[in-house]
Structure formats: C-alpha cells, structure tokens
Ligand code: E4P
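The chain below stands alone and is given in structure tokens; this is the form predicted on its own.
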C-alpha cells in the first residue's frame, strides 16, 4: 500500500519522511490554506523536500473542465512529471479527467463520497480515486465499508484505478483498509504516528535496554562492546 502524508506543513513533512517509508504528499486547497503562505511557494518547497521522483498530489481550483485542464497543466509544469492532479468528482471533473488522461497526465478523482462517483472517475481514466472516510462517517454512513464497496467495484470491472483513501480519524481505519487490499492511503501526521504509538511497544523496548545495561553497564550499544 502506498502511504502519503496528507499535510502541507513542511516541518512535519521533513520529520515524517526522515523516519517513515513515505511515498509522497497529498494536498488540497484547505490543507494549503492552513499554512497561511502562498500556495505555489508551499508546493514548490514540498517538491524540493520530496525530490523529483516522489508523488505530490495537488488540486485544481476552477469548477469548469477547461479551467481544471488549464490548472492541471500549470501544476505539472510547476511540480514535474510525478505530479498527480486532483480533480473534483463532479460532472465537469469527469470531463476534465477524461481529457487529461488522454493527454497523458496522471489524475485523481477527489471529493468522493459515493461508489458511483468513484466508478465514473475510474471510467473517465483517473489513476486514483480519493474517498473521504471520516466525512462519509459524519454523513451517517460507514466510510470504511463504502471504500470496500468501491474497491470491489474497481476489481469487478477490472479498472486499473487505485483507491487513495483519505480523511482518516484513527489508525484502526487505515488498518482495516490495508488488510482489505486498498492500494494507497493518505493520512495526517498524527494518524501516521499512531501506527506505532503503543505503550506495550515502548515498554518492551525499555525492558531490552534495562536488560542490556545489566550485562554491559558501561556500553550503550553492541558497537561499543565490539570496539
């Protein structure tokens, strides 16, 4: 499963990619707005941090297909060929996805709340579809089950489109979908940290350190003992 950071805080991005096997970063206008900075400059800095080969997801702004297509080309020119252009899964968005896919750009149908949105985006040629787990939950439906249904539809119709599951509120939701076989997830830094935030893990590691200190009280590592 591909793992992305769903954030535009450059300090958090640097921290996470330093320690975790991260595949890239996803953004949207709301995430960029939280930085309080020029969105173009933020996207450029994220690309610099990631390097040229990692994926960065960036979203178009206009609500018409022509405007979406124009924004898409501008984003790829700015951020490079490993840019995934996020297009809202609305009627004009499906038109833009189809045309951009025919032009060879990589797209993601975003703002997905229903399986049929995902189906139409996939049929239009989107490389990814991004359902919002927590937002679906907040509408009174089951976000995880909705994503599982989308995955079954993609499999049944043999689409190459990957699910990019988004809007997680906890690591358990990520685990459920990882076990189901979705191909990608994007998570806030706190959710990624939550993958291994466990008192039992911390306790076991501390026990190992204490036991090692009993047999090598003056050494902090095996390397120290070997010399």
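Residue numbers count along the first chain shown, from 1. It should be emphasised that the depicted structure is a prediction, and the values quoted were computed from it without experimental measurement.
Another form, the form predicted together with this ligand, is not on view; read the next lines as being about it.
A.B. asks: Checking a candidate spot here: are 86, 110 and 132 all in contact with this ligand in the predicted bound form (at least one heavy atom each within 4.5 Å)?
C.D. replies: Yes, all three are in contact.
A.B. asks: To test your reading of this chain, name the stretch in 35-43, 159-167, 66-74, 192-200 whose heavy atoms come within 4.5 Å of this ligand in the predicted bound form.
C.D. replies: Flagged stretch: 159-167.
A.B. asks: Is it the case that residue 60, even though its partner is missing from this view, gets within 4.5 Å of this ligand in the predicted bound form, heavy atoms only?
C.D. replies: Contact with this ligand, no.
A.B. asks: Examine residue 173 and determine whether its closest non-hydrogen atom to this ligand in the predicted bound form is within 4.5 angstroms.
C.D. replies: Result no; residue 173 lies far from this ligand in the predicted bound form.
A.B. asks: Suppose contact means any heavy atom within 4.5 Å; which members of 170-200 contact this ligand in the predicted bound form?
C.D. replies: Contacting residue: only 186.
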